[in-house]
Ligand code: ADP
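Before any questions on how it binds or moves, here is one chain, the form predicted alone, in structure tokens.
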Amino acid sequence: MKAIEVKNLSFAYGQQKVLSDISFSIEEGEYVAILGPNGSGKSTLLRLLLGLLRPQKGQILLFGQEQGKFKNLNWIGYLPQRAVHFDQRFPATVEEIVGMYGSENLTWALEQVNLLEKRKELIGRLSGGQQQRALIARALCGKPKLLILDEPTSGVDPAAQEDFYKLLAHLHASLELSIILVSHDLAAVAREVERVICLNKKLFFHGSKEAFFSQEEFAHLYSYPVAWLKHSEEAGQ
């Protein structure tokens, strides 16, 4: 079954067209990155996928159901951009944050991200990387089939970023999760994901990461050569 099908999707804010006739699909169990320059429509696409905006033209299907009729909201976990960095005095524990939308699977979710022993600690006392894992646990509490992450490593130190991507790879493999990762971290995308969707208001590319990063158009879109990406990826190993 397809986790997501997008058919001829268009959206504009007033007279400003943001997405134009976008079509793609994501299979269950795929690990996909959504890429594009600033202003390319990535955030708008996520809001449309999550039901926060309604398509002005076209159709979105979630697990074979029209989005407006889709009732299994727990099948979709979401980690928004800039979600971490709680103040140290924020008066909530890890388990209160993780279980805020339902605590039935709280212990299981904390185990998946290796934070069970931190459940009673204040969320603000954790490192940025641990806070990030706590929010992943919150997204996992509904035992989702699809996990959507919007720039999840922004503001997190390099060591925590590496741990985060290892966690995503583990969750993808062990839980057979479909994952959509919106990111500007091209070296990590080249290393981690299976397929790439690239937007620049229109659909620029949808296919394997190998095909995407071998294209001359990649260099044109991002204003630097593919050789930079290969060097960056090797440096990160």
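The first residue of the shown sequence is 1; numbering continues from there. No experiment lies behind these values; they were computed from the predicted model shown.
Keep in mind that the form predicted together with this ligand is not shown, yet the notes after this line are about it.
Visitor: Determine whether any heavy atom of residue 15 comes within 4.5 Å of a heavy atom of this ligand in the predicted complex, and answer yes or no.
Guide: No.
Visitor: Please tell me whether any heavy atom belonging to residue 183 falls inside 4.5 Å of a heavy atom of this ligand, as the geometry stands in the predicted complex.
Guide: Residue-level check for residue 183: no, no contact with this ligand.
Visitor: Hey, in the predicted complex, does residue 47 get a heavy atom within 4.5 angstroms of this ligand?
Guide: Taking the distances in the predicted complex, the answer for residue 47 is yes, it comes within 4.5 Å of this ligand.
Visitor: Would residue 207 count as touching this ligand in the predicted complex under a 4.5 Å heavy atom rule?
Guide: Residue 207: no contact with this ligand in the predicted complex.
Visitor: Quick one: find which of 55-63, 186-194, 31-39, 164-172 has residues within 4.5 Å of this ligand in the predicted complex by heavy atom distance.
Guide: So the stretch in question is 31-39.
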